[in-house]
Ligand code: AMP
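Encoded as structure tokens, the following chain is the form predicted on its own, with no partner shown.
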């Protein structure tokens, strides 16, 4: 039996999930997941790594579907619940998913796709749980099997599916359980999207592995989060810099008495973590003043979970992501993949059971991202200073880290160029305290629209084709884009133009 399931069996009477005030015990989560496995199997003995996509709101239903996919031998493909249809279709088609599990409210979003797709669809609300029988047997799952495909934007214009095995997932979770000292007494709320590694592994995966309690609320709301905190229901919190920025902004609207009450509640937490994007020192300092906690910064990515972390005990240094996690090998290397010495910047290379297996159906991309001796090339540049790693940025300016997401500028450019107004464009990220990086676009208009540019119209248009968090927040109209002698757009020059604007 898979390790996550064995862990859950140790805590049958504990509260596993609290969703909008409804409590679900581990015993209930286990039983429901097993029952749903029977539905997914549909008479077969093993899904044999068939891809099962699911579009379900965060909460109890999400977890039971994820677990049932794994118990029945399938590969989980979580879909983003806010993505437009083209983005969803891309993932469904790329993974060749044969089964789709959805909440009923997403039937309309996917209606056009489902009219022609050859895919079995299960609507959660159409299943009568009381009438579901336990399957006669569940398959034996070897840990080297594929377990999960998450999509991440790379330097190409199409997202790539990152394939992780059960071995990878167990390594990612167990490492954090040890490093951050998770116990069954912990209580956390999930405020992160569950089609990304941060929410799936760091929050939901770790809390349920430890026998802890994970709270879910209907959407992100600072007020709801602080209500849970004031009621003493949480003692662990994990988020991206953008969320901490929003929480700080909300706190500043409260009266001094309300702030003082909240400050006393926050001091009782045992752990607060920030990651997925660089944390501005100003935000870290403000949060420390408000909460009494110096946020624990860490470094990770879809392909490897977490690799580097500031210590749970010991000094946490602002602007640094810490030291390698137990069981994870890290090397900083030059352009020839030769290790560099301390104080010299190098690309972060990673080895360990936590590192993903492959990019889905992209053998050339997989081969290109590993060195000949098996190191994964992250594309991130760092330097070691006094034993701590400091991230200096991406090798490529085509990856933008905004609001906890890694976003491909090339993907956005491809969509922008399909607009009737735009002749050419270049998308970049500029430093921003709230978002980490703000997505902005320099555009060259077609002659017919040179005097008739409507920024709001363009902004409203683009969210029909890409996720809203990927849309540019500012535009700069130019006569031409700056290029080098080879004709390549010089994006650093464009960044400077936005800063000066």
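Being a predicted model, the structure only gives us computed values, none of them experimental. Positions refer to the first chain, counted from 1.
What comes next is about the form predicted in complex with the named molecule, which does not appear here.
A.B. asks: Though the named molecule is not shown, can you say which of 291, 408, 95, 302 has a heavy atom within 4.5 Å of it in the predicted bound form?
C.D. replies: For this set of options, the contacting one is 302.
A.B. asks: Tell me, which of 186, 380, 358, 413 has a heavy atom within 4.5 angstroms of the named molecule in the predicted bound form?
C.D. replies: Of the listed residues, the single hit is 380.
A.B. asks: Pick from 335-343, 132-140, 73-81, 277-285: which stretch has non-hydrogen atoms within 4.5 Å of the named molecule in the predicted bound form?
C.D. replies: Contact criterion met by 277-285 only.
A.B. asks: Against the named molecule in the predicted bound form, would residue 347 count as a contact residue? Criterion: heavy atoms within 4.5 Å.
C.D. replies: Contact with the named molecule, no.
A.B. asks: Give a yes or no for residue 170: in the predicted bound form, does one of its heavy atoms lie within 4.5 Å of a heavy atom belonging to the named molecule?
C.D. replies: No, residue 170 sits far enough from the named molecule in the predicted bound form that none of its heavy atoms falls within 4.5 Å.
A.B. asks: For residue 166, is any heavy atom within 4.5 Å of the named molecule in the predicted bound form, or not?
C.D. replies: Residue 166: no, not in contact with the named molecule in the predicted bound form.
A.B. asks: Using a 4.5 angstroms cut-off on non-hydrogen atoms, would residue 270 count as touching the named molecule in the predicted bound form?
C.D. replies: No, residue 270 is distant from the partner.
A.B. asks: Any chance all of 29, 213 and 233 sit within 4.5 Å of the named molecule in the predicted bound form, going by non-hydrogen atoms?
C.D. replies: Spot residues vs the named molecule: no contact at all.
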